[in-house]
Structures are given as structure tokens and as C-alpha cells.
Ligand code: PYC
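In the form predicted on its own, a lone chain appears below as C-alpha cells.
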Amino acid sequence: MHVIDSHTGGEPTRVILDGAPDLGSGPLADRALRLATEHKKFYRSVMLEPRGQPAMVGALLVEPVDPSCVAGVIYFDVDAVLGMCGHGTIGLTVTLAHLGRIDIGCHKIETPAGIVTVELHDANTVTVTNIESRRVQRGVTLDVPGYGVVTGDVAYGGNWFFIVDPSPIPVEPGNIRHLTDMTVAIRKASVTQGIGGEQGELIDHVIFQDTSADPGVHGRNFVLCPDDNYDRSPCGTGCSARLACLAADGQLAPGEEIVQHSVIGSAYRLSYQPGPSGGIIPSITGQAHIMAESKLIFADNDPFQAGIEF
């Protein structure tokens, strides 16, 4: 299996060029569902140790339906197939440029959540114009076992988020274990208490939003991903959901740019424009770097061929 690994602000992306199961044709959402329901062993084997690493997201290249798109992609982590991935799209764009498939300029990429536009500024810098994002509920209260009452917003940015602002725990690297434990508990509480999207979609990510001591930085976040790992980047779909909340509250004007840091200090530049259906169209600018190009081997006599499971 031919793969190229990159990281976006410290968050790894593994682009799969060949060797994946045939998902057939049709809409990417249908093919993503086939991956999720029929090929879980495959995608977990790519993400789990010893081949993968914590927080890694896979980007499976597929044929797009829309011929104007340079690529189709289905994202996944070790525990879930994702609708969209912001850091992964930045990493994918840099990877496509590394392969010589695209050049500086604007391009379209098809995802299960919809078509996104990317602008490659240089070998490492990409702006992603995401799908329309929106806040669904404001000031939702959860009773979280072990932590008490927690209030946050439910928003969509290509994935489903519960956003707590201000963070009940300082967003600092030394608090990552505590931040992880509490956000896992919040996500579990959201599921058991029926809090999610308009059609019953489950919360898959949780954000703790904190302030920053740097006057040039709007905030610092901690983002829990579906695999219970934290996002090393500020999370592109999470930032999209966060922008939707800021816009809904009148705290950020269209076109106004802010800087968002992750818990480890990596940065995205963010802005938005009004969307056609009452939401917003986010723009996320970040940098990715190629780390490795390799072939994964799945030997029949490997006791951990399917990855290390606990």
C-alpha cells in the first residue's frame, strides 16, 4: 500500500494512493458508508500502531463524482469515517503538489460532506474554503458524570461539535490528560442525553475554547477527536464550527481574520463569509509538511497485521 505521510500543525495525515479496497462508484457519502460498515478492519489496520500513530487521520484517494474536482477523498481515523477533515485537506493538498498533480492556485476537492475549494499558496501553505457551517443549538446544558453541569453550543463544520467556551480547564500542554478525560465524558454525556444534530447526528468532537496571552491570537483550543486523541492542530472543521458560533453571536464580522492556536501552539488563520443557507462559509489557512513516502506491508504471518487492539 503506497502512502505519503504529512503533518498539519503537528497533526498527522496519511494519504493512501493505492492498495485500498474497492468501494465502488456513486456519491462519496455512499462510498464512505461502505468503508465504515464493510471495511472497518482495513482502515483500523492502517491507523493503529504499529503502522499508524495516535491522532493520525487517513485520507483515501478516490475518483470524484464531479469532474471539476482534482481528487475525491474519504477521511477516517482509527474509530470513525469522517465527513470532512480540515487539517487532512491541507495535508492532502500539499501531498498532491508533492506528487506533481496540482500546482500553485485554486482547486476543488470532493469529500463526503461536499465539495471544498483549496488554494495552494506555496509548497506548504494552503487555504481551505470549507462547506457551509452552522450553529444548531446555543447554551445546551449537559449533566456530565463526575464533572457536574457543563454548558456549550452544538455546531456543524463538516463534523459535529460540542463547544465549551470558556474552557473549564486551562488549555495548556500540561493539562492534556485532564482535558482529554473531561471532553471524553462530555461526549459520552451528549450521546446518552440525546444532544446532537437536527437529524439525531451524534457529537463526534468536543472543543474547549480558551483565551490566549498573545494579543495577536484570538484564542487557544483543545479538540477531542472520535478516537479519543486530541487534535494537535487547531482542527479545521472545529474552527469552522467555532466561526459559525462567533458569527451567530455577532462577535466576528464577515471577512475579519483571526488567529487560532491549538493546545500545542500551532496556528490557523480564520475568516468567513455568509453562506447561502443562513450559515457561514469558513476559510482556514494553515501549513503542512511532508514527513514520509512509503509502502505499508500486511504480511500474512504478522501477528499484528490488523494492528494492536486493546
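Note that residue numbering follows the sequence shown and begins at 1. Please read these numbers as outputs of a predicted model, since none were measured by experiment.
There is another form of this protein, the form predicted in complex with this ligand, and it is not shown here; the text below is about that form.
Which single stretch, out of 172-180, 86-94, 147-155, 104-112, brings residue heavy atoms within 4.5 Å of this ligand in the predicted bound form?
Contact-bearing stretch, as computed: 86-94.
Can any non-hydrogen atom of Asn159 be found within 4.5 angstroms of this ligand in the predicted bound form?
So Asn159 counts as contacting this ligand.
Using a 4.5 Å heavy atom cut-off, state whether Arg134 contacts this ligand in the predicted bound form.
No, Arg134 sits far enough from this ligand in the predicted bound form that none of its heavy atoms falls within 4.5 Å.
Even though the partner isn't displayed, in the predicted bound form is Cys225 close enough to this ligand, meaning a heavy atom within 4.5 Å?
Yes, Cys225 sits close enough to this ligand in the predicted bound form that at least one of its heavy atoms falls within 4.5 Å.
So in the predicted bound form, is this ligand close enough to His205 to count as touching (4.5 Å, heavy atoms)?
Yes, contact at 4.5 Å.
Though this ligand is not shown, can you say which of Val57, Val263, Leu28, Leu243 has a heavy atom within 4.5 Å of it in the predicted bound form?
Looking at Val57, Val263, Leu28, Leu243 one by one, just Val57 meets the 4.5 Å heavy-atom criterion.
Quick check on this chain: which one of Val126, Val78, Val116, Leu82 has a heavy atom within 4.5 Å of this ligand in the predicted bound form?
Answer to the contact question: Leu82.
Give, in sequence order, every residue of 1-16 that has a heavy atom within 4.5 Å of this ligand in the predicted bound form, or say none if there are no such residues.
The stretch 1-16, when checked against this ligand in the predicted bound form, contributes only Glu11 at the 4.5 Å heavy-atom cut-off.
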